[in-house]
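Single chain ahead, by itself, as structure tokens, in the form predicted on its own.
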């Protein structure tokens, strides 16, 4: 493969469709903001967390690949790198959330803090100026990691000594994945958990760390299979690589289920007044349908389907389970975020559809714009054999 080799599909048309959908969705969001600002900001945060999670998760999976190697990461590496380059866009799209702080966070109201002893105890952390400072720090970490990983990956393609940028990528990824995990943990606490400031969980950050990694992995599996019908990916994505990707997808699903159940088990067994209202709110009324849906279709169905060897070794089957998991990630985030605003009454507002569509349209358009910037197969990665890509097998 050469850098000039074209993409397997003409992405220009799809990029245009995504951009049009994004603009239309955001236009609907503007209308929603005029009609119901509170609902708009909650729906916008929900849509933002979903699409940000895919781009952020790409950072984690990419760094994991650089540390452990393997052909599974080789075939999706360029897609992961492209996903990381969406993080600056998400930094820009976070700005509306800053304007929505009074609508999203009880701790931002001085009168609420004055009448609440617990909010007073947390005020050193939960205050607007420090909140904004932390947002800047988080995005600086993520954008900095994305910049370095993409820079040295580009150097690896053209370097006369590719071992040097390869070593730099590995050296960055070790501490980088720890730094990424800490930033995601604290960001999830700041952006989502603090909407219910009287509740706390030591497992909450892990839900987002694992969930974002799962979202990114399922998304990149979907895209790599769609692009693998023609060269260059058709030459490197074979049965063995699909099987590896399916096994890792299975592992991420299991890890998500383990973390989710662990948080529930800890809170249920503790039975502490400060902790149980969070689950009571999400298992009362119509909301109880969502955890049932998640148990059945985010864990049980993928678990048994991905146990089947034939599913993991056939692209046309694996792609459907990957798409399904991406959709289930959307349901999971809706269940985590929206009850903070609607209480114990299940309610789906049209903005809960418009916001993910609007943000997602722009995200996908940006992703497709960035995709042709690099060859789809790394030219001098360690998995290369004598300058040639490994054959699909």
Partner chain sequence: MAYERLYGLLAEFDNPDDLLHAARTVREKGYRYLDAYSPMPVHGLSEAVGFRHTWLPLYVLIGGLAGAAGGFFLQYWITALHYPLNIGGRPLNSWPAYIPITFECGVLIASITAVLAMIALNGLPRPYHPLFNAPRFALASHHRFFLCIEKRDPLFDPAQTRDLLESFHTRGVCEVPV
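Everything numeric here is computed off the predicted structure, so don't read it as measured data. Residue numbers count along the first chain shown, from 1.
Beyond what is shown, the protein has a form predicted in complex with its partner chain; the following relates to that form.
- Residue 265 is the only one of 265, 255, 276, 164 with a heavy atom lying within 4.5 Å of its partner chain in the predicted bound form.
- Checked against its partner chain in the predicted bound form, the residues 99, 125, 261, 147 give one hit for a heavy atom within 4.5 Å, which is 261.
- In summary, the region of this chain contacting its partner chain in the predicted bound form, judged by heavy atoms within 4.5 Å and restricted to 188-196, 174-182, 205-213, 266-274, corresponds to 266-274.
- In the predicted bound form, its partner chain sits within 4.5 Å of a heavy atom of residue 303.
- Of the residues in 18-44, none comes within 4.5 Å of its partner chain in the predicted bound form through any heavy atom.
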